[in-house]
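Okay, here we've got a single chain as structure tokens, the form predicted alone, with questions on binding and movement later.
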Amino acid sequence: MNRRHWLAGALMAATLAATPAFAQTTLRMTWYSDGNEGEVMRDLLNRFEAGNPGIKVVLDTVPFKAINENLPVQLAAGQGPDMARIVDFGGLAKFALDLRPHLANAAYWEQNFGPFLEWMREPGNTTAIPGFMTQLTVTGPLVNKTLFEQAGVALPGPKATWEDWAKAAKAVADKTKAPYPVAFDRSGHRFYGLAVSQGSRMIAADGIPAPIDDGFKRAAQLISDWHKAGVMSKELWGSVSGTAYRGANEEFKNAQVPFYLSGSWQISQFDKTVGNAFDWIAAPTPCGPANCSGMPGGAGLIAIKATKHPAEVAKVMDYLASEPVLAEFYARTLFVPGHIGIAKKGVAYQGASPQAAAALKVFGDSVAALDPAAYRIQGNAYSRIVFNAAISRLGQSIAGEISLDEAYKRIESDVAQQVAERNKK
């Protein structure tokens, strides 16, 4: 090869290397998992990358605690990812990117995610499309049916009260030596799964939280009384302090809990971790004097406003939110769909055991029993402030550090202070 040909070849190679078609944009997605959803998401992203070689998506998997505690700090410092799976929609709404200008079909998003987009928007915004629901969740009981059978205690019926279940679970625990008759996730959201049924409304007419009402007090008194009576154990709620989350997953899968108030997101995990060790079921949400409602919720994947690649982020989000891809995600993760079209058609869950499929149906049916107040609470921009204050101060009361009346005063003070601080910014 002569020098002229060599130079021509080198110039062509350099030109091709610099051509935009060969450049690759790397996006980062912060993710947490309850079950197998991280594996499923990675598989879907691999397919996206195969069809879009110019975009690479790094999936950064973190503990759930990091989503609530570390991610907000990163976002406030402008150092967050391009996309993130979150649960505190109201608290993080100000960091979310409006995808609308970059989407191929914004009407599709409105039609299928409309009610949930309201949870993700900043107050007063009625048009933004920040992301989509990776799952719709509903709080509710998971029950160790085998323990009930071994104890010879009948399962309470579909309209049973919280008191009915507490009495039955304590009887089961006494006969089977299960150490935790009733377990609740140490979570403000889960506490409100009880409080709404007692009549709590949380939100005043102006949208500002008014957390301490008669329904809240009835729920708090039940939690306090159950701890004093040994229906609930201080070993669970008392093992952490402040706003720290504490689930009872390990205790439930080890057959130590007859009645576990958690939610639909646990189905995939327990289907695998419990296996054939014992029979478990989902039960309808117990009834209070106001209703038989639990709390809706869920996790959503949102785009982050600080991204330097909004068009590429929107392309990833459009792909993941498309009906066939999202239907596959729900089917493989055993999640209740947060997509109206898919929910209407139903989900053919893949690999679910008969008991997991039955549990999914119970949680799916419970959506119809959700009280409007529960939706308003979940969608309120200040709900996380109330959830954290409630669980922190009630935890202090259960530990014997303060009385319930003092807890109520401190919750009101905490909420008022934090709402004021947020509104200064």
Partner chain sequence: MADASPPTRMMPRDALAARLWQAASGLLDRPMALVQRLVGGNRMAWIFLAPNIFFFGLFVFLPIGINIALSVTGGTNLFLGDRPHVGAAHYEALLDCRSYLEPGSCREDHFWKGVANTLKFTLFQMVAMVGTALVTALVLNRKIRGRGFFRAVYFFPVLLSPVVVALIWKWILQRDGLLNAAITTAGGQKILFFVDPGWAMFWAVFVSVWAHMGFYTLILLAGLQAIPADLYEAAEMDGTPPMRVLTRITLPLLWPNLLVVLVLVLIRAVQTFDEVFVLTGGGPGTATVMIVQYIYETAFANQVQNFGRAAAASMLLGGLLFALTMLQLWFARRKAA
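Numbering follows the first chain given and starts at 1. The shown structure was predicted, so the numbers you read here are calculated from the model rather than taken from an experiment.
A second form of this protein, the form predicted in complex with its partner chain, is not displayed here; the remarks below concern that form.
Contact check for residue 239: a heavy atom falls within 4.5 Å of its partner chain in the predicted complex. Under a 4.5 angstroms non-hydrogen atom cutoff, its partner chain in the predicted complex lacks residue 104 among its neighbouring residues. For residue 243, a non-hydrogen atom is located within 4.5 Å of its partner chain in the predicted complex, even though that partner is not displayed. Interface residue remark: residue 180 is counted as part of the site for its partner chain in the predicted complex, having a heavy atom within 4.5 Å. None of 218, 175, 309, 94 but one reaches within 4.5 angstroms of its partner chain in the predicted complex through a heavy atom, and that residue is 94.
Picking from 40 to 48, 352 to 360, 366 to 374, 394 to 402 the stretch near its partner chain in the predicted complex, with a 4.5 Å limit on heavy atoms, gives 394 to 402.
Of the residues in 357 to 392, those that come within 4.5 Å of its partner chain in the predicted complex through at least one heavy atom are, in sequence order, 384, 385, 388, 392.
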